[in-house]
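One chain comes next, on its own, written out as structure tokens in the form predicted alone.
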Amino acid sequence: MIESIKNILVLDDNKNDLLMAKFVILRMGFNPILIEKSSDLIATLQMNQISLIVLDLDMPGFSGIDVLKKIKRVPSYKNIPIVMLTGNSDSANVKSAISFGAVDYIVKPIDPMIFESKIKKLIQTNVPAVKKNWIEYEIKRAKDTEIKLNVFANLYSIGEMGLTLKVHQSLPVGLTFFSDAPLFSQLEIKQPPLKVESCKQYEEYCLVQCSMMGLSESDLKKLRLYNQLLMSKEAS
């Protein structure tokens, strides 16, 4: 059976951002469906089988959060993974988007490499299928309540898009959390939300691989430099 080309819906009122997203999606071999008005969203979803939605947070009229909540209220659409796209990387906006069901966050202006890596990962891993139901339930039940968990961890490794933590307890795949690790402050990077991608249990500890969401190209440059310094230190 021949698999049909997957459709990626992008909702953004900025024509330049739509054009950049279109080029990247086409280069990846997927089909871009572009709309500029949130009022066209439901009709577009009804006419097309959508695998992923890229949604601008800063839309005129209905905000991106309003549109996100509207999508999640429709049973036939609620499991479509949604990535938020915005020039505003304030942590409050990130937390709000994640709490209402967004699976990732991309900072404008769109960096083609970051955009492609995130889209490819989400399309391949089929996020809704592996998402833990109890996490969704707890977010809905808690509403605006923020819960703080104290988990002590050692940084095992770090790369451009993620890091590995060494902890003494298991963390569920799909859990999204913020860390108060001093490393990000030292690198002058805003604390990014971390999402658990895998958790491997050993006898006395767990290795937890986390993706870092919402990093800009300037953040990635700082991480690349940090990794270069670590490698040069180990070689000496």
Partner chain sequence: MNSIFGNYKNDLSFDQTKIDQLIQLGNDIKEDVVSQLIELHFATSEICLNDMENELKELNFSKIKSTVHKLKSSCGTLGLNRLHSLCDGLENYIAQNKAQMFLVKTYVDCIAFEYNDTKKYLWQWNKIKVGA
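Residue numbers count along the first chain shown, from 1. In this text, rigid core is short for the largest set of C-alphas that superpose within 1.5 Å between two forms. None of these values were measured; they are calculated from a predicted model.
From this point on, the text means the form predicted together with the partner chain, which you will not see here.
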request  = Note which of M212, L9, M20, L220 lies within 4.5 Å of the partner chain in the model of the complex, where distance is taken over heavy atoms; exactly one does.
outcome  = M20
ask   = Would you say all of G159, G162 and P193 touch the partner chain in the model of the complex, counting a heavy atom within 4.5 Å as a touch?
value = no
note = Only one of 171-179, 42-50, 193-201, 24-32 has residues with a heavy atom within 4.5 Å of the partner chain in the model of the complex, and that stretch is 24-32
message = N16 versus the partner chain, in the model of the complex: is there a non-hydrogen atom within 4.5 Å?
response = yes
key: Residue contact check: K108 to the partner chain in the model of the complex, 4.5 Å heavy atom   = yes
query = Using 4.5 Å between non-hydrogen atoms, is D58 touching the partner chain in the model of the complex?
reply = yes
ask   = Taking the shortest heavy atom distance, is M113 within 4.5 Å of the partner chain in the model of the complex?
value = yes
inquiry  = Core superposed first: is there a CA shift of 2 Å or greater at E217 between this form and the one not shown?
reply    = yes
message = Quick check: K37 between this form and the one not shown - does its CA shift reach 2 Å or more after fitting the rigid core?
response = no
ask   = So with the core overlaid, does the Cα of K190 end up 2 Å or more away between this form and the one not shown?
value = yes
